[in-house]
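One chain comes next, on its own, written as structure tokens: the form predicted alone.
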Amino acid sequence: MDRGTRADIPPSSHFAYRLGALACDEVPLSVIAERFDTPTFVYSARAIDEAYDALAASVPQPCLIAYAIKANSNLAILARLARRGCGADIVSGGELARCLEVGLDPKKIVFSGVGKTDRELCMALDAGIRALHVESVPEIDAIEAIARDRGVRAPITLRVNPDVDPKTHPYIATGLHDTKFGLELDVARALLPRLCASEHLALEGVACHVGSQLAGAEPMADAVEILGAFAVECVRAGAPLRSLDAGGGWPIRYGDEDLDYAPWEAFGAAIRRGLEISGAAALGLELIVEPGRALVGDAGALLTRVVFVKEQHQKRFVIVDAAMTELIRPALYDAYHAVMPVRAAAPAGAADLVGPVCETGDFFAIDRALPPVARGDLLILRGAGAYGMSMASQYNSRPLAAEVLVEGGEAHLVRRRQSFEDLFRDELRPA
């Protein structure tokens, strides 16, 4: 939690002041608020394009960038990335449906997750996706049975658990032994004879993912070295391997970091180093990476309006119309999001920035150095392009916020704000 009065704001060429007023790529945020109301998520199309191009330039080729769409699954963003040749890392049937809706090539879709239902497995096989990332023996049993019943051969990837400490928040560390993700290496190794002999399973790849927001590149190098050595074992066992998936983890700056993160080029170099040391570089496999927040996180901001300023017990509370229902990361992870006033002003002492939801955990910042604000003033929360709307809820019967994409000097509505009637449209009253 950001105790103290720091108010660090990461630099951005997309959310910047122009003549004292904050704009998103030259479109004033005050104009967006007037047109679309608040709270509203605002995304820079140019920032998404630049992030994709920068990440693609940082990784060894050939490489499929499979965007982890759990970060932000808005159709406009998915379609934009698909047009640039991006694939997708999905974790549900709903995410698969979104990808298919925008015409994303199924052969560029990988399906992760520890609890895929039979319905989702059937949906994925019918769509002809690139691979199912399997994470347990019971899942392999289920996929093989479904593929046998359908008379098909299911493409699978073994997601292994390399037990590498990513040095990140424990809730987003996924490559340690005590997490629910992946197969232990000895279990995966023991499965090779069965998988290679199966008439209904095709082991097309190996994968791992150690965690998100990696501060340095060494955990990725270590994980890829372990994964690459296992890929060599798979090929020697007779598996028709064609890909190695190094997962995600590319970090973005939120503003509270004590040290600078390693540049994205360092993560690409770490992958290359892991492949070379393990011997997997000689296999000619296609690399897959699964960035999520790296592509969209800093491209988005949550635009909100001050409802009241309350003084109580020698504290200043700035109450806004956004809440944990729009951006739950501070309540969930004690996550830091930089706060910027839409009308430029210097900080004027510490305050708690909070929402209207009936939970003490409904906060965005605690004891943060904030500018003097009054009822009706506008603020943005930076870094909200990832895990903002995708984790939003209707708690307290709050309608979901609007989403706006700024492109070519224009603000385009890409998700309408829900009405009160939308809240109970699907509910049925007993006769």
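Residue indices: 1-based, along the sequence shown. For clarity, every value in this text was computed on a predicted model and none was experimentally measured.
Another form exists, predicted in complex with a small molecule; not displayed. Remarks below refer to it.
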For Arg329, is any heavy atom within 4.5 Å of the small molecule in the predicted bound form, or not? yes
Is Ala68 a contact residue for the small molecule in the predicted bound form, using a 4.5 Å heavy atom cut-off? yes
Taking the small molecule as it sits in the predicted bound form, is Gly182 in contact with it (heavy atom to heavy atom, 4.5 Å or less)? no
Contact test in the predicted bound form: Pro291 vs the small molecule, heavy atoms, 4.5 Å: yes
State the residue from Asn74, Thr325, Asn161, Gln213 whose non-hydrogen atoms include one within 4.5 Å of the small molecule in the predicted bound form. Gln213
Considering Val27, Ala33, Leu400, Met391, which brings a non-hydrogen atom within 4.5 Å of the small molecule in the predicted bound form? Met391
If contact means a heavy atom within 4.5 Å, which one of 277 to 285, 356 to 364, 246 to 254, 307 to 315 is the stretch that engages the small molecule in the predicted bound form? 246 to 254
